[in-house]
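Just the one chain here, laid out as C-alpha cells, in the form predicted alone.
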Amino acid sequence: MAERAVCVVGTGLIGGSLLRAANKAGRTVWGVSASATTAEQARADGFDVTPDLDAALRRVADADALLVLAVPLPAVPDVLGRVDAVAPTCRLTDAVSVKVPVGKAVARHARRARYVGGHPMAGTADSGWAAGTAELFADAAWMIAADDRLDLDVWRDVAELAWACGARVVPAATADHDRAVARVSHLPHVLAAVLAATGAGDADDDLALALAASSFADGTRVAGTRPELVIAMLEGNRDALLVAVDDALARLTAARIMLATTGRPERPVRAGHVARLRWASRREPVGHRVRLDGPAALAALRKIGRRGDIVTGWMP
C-alpha cells in the first residue's frame, strides 16, 4: 500500500521541518504558508508550498491525504473553519504544543474531521522556514493522543508519519500530555525567561553576562524563542502550568530557607540530581509492537505511554 500523502499547514520551524522530513522519507507532500514571501522561499528550495489554504485543502480531500496543522494555537480555529468548509471529513492531526484546547477547537469548528492529536517534542530557539531541517525529529518523542473513541486508522497514519520523520512514538491521553508538558516544556520556558533576566541584572552592568558560560547558556536557550510564540503556548496550557509553577516555587522556597538557615541547600540539589539521572535512564525506552484493533487498543496504548515506553511497530 502506498504511503499516505501529507499536507502541512504552517511552514515555520516545526511545519517546515515536517515538510522536509516527510519529503526526505519519500512522501508526497505539500504545504501552506500564510505568508506569500515564505511560500516563495519554500518553492525556491524545491517544496510545493502555497498561500492558498483552500486550494491545498481541496488536494487533501481529493487525495485522502493526512492534514497536519503546524500553526500557533491562536490560528487554529480559523484554519479549522476552512477545513470544515473544504475538506470536512479529512484525516487530521496537528503539531501544536497543547492538546486539550486543540481538541475542543476541533469539536467546535471541524467536528466531522477524523482528528487524532499529535505533538512532536522537538524544536530550537530559532523560528521560521529557514530554521527548519529534515533531521529535527530524529530520535525525538512524538506524542500521539490515545483517548477513547479516536479513529484507529488515522492513529496508524500519524504513527507512520512520526516514524518516517525519525521520531519515537509516545501514546498518551490528551489531558495527561498537557500536564506533562507543563512540567517539562512550558515551565522550562518560564524558568529560562526568569534566569535570563536575573542573570542579565542591571542594564548598565554586564559583568555577569561577560562571565556567563555553558550553565547559563543551557538554562536560557529557549528564552531566545520569539516571545509571541511562547506567550501563546503558555496561555494555552495555563491551568496545568500554574500547578507546575507552584511546585517549582515551593522547591525554590525550600532551597532559600535552607540557604538562609543552614547555608547548605542539600535537599533540593540532591533531588534535582536524582531526577536528572532518572531522565537520562529513560533515553533508551522500551519498545512495543501493538495491534490496533478492538475497544481495548487505546487503553493499552495509554498504558505504554504512562510507563515511559514507546510504540515501535505493528503486530501481525
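As the structure is a computational prediction, the values presented were derived from the model and not from experiment. Numbers follow the displayed sequence, beginning with 1.
The form predicted in complex with a further copy of the same chain exists for this protein as well; it is not shown, and the discussion that follows is about that form.
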Given the stretches 159-167, 109-117, 212-220, 126-134, which is the single one in contact with a further copy of the same chain in the predicted complex, using a heavy atom cutoff of 4.5 Å?
212-220
Report the residue, out of 187, 150, 86, 75, that has at least one non-hydrogen atom within 4.5 angstroms of a further copy of the same chain in the predicted complex.
187
Given that a further copy of the same chain is left out here, which of 286, 259, 36, 55 has a heavy atom within 4.5 Å of it in the predicted complex?
259
Contact check for 121, 197 and 238 against a further copy of the same chain in the predicted complex, heavy atom at 4.5 Å
yes
Can you tell me whether residue 224 touches a further copy of the same chain? I mean in the predicted complex, with a 4.5 angstroms heavy atom cut-off.
yes
Quick check on residue 44: any heavy atom within 4.5 Å of a further copy of the same chain in the predicted complex?
no
Within a 4.5 Å heavy atom cut-off, is residue 305 in contact with a further copy of the same chain in the predicted complex?
yes
I'd like to know if residue 291 sits close to a further copy of the same chain in the predicted complex, meaning any non-hydrogen atom pair within 4.5 angstroms.
no
Give, in sequence order, every residue of 140-165 that has a heavy atom within 4.5 Å of a further copy of the same chain in the predicted complex, or say none if there are no such residues.
141, 143
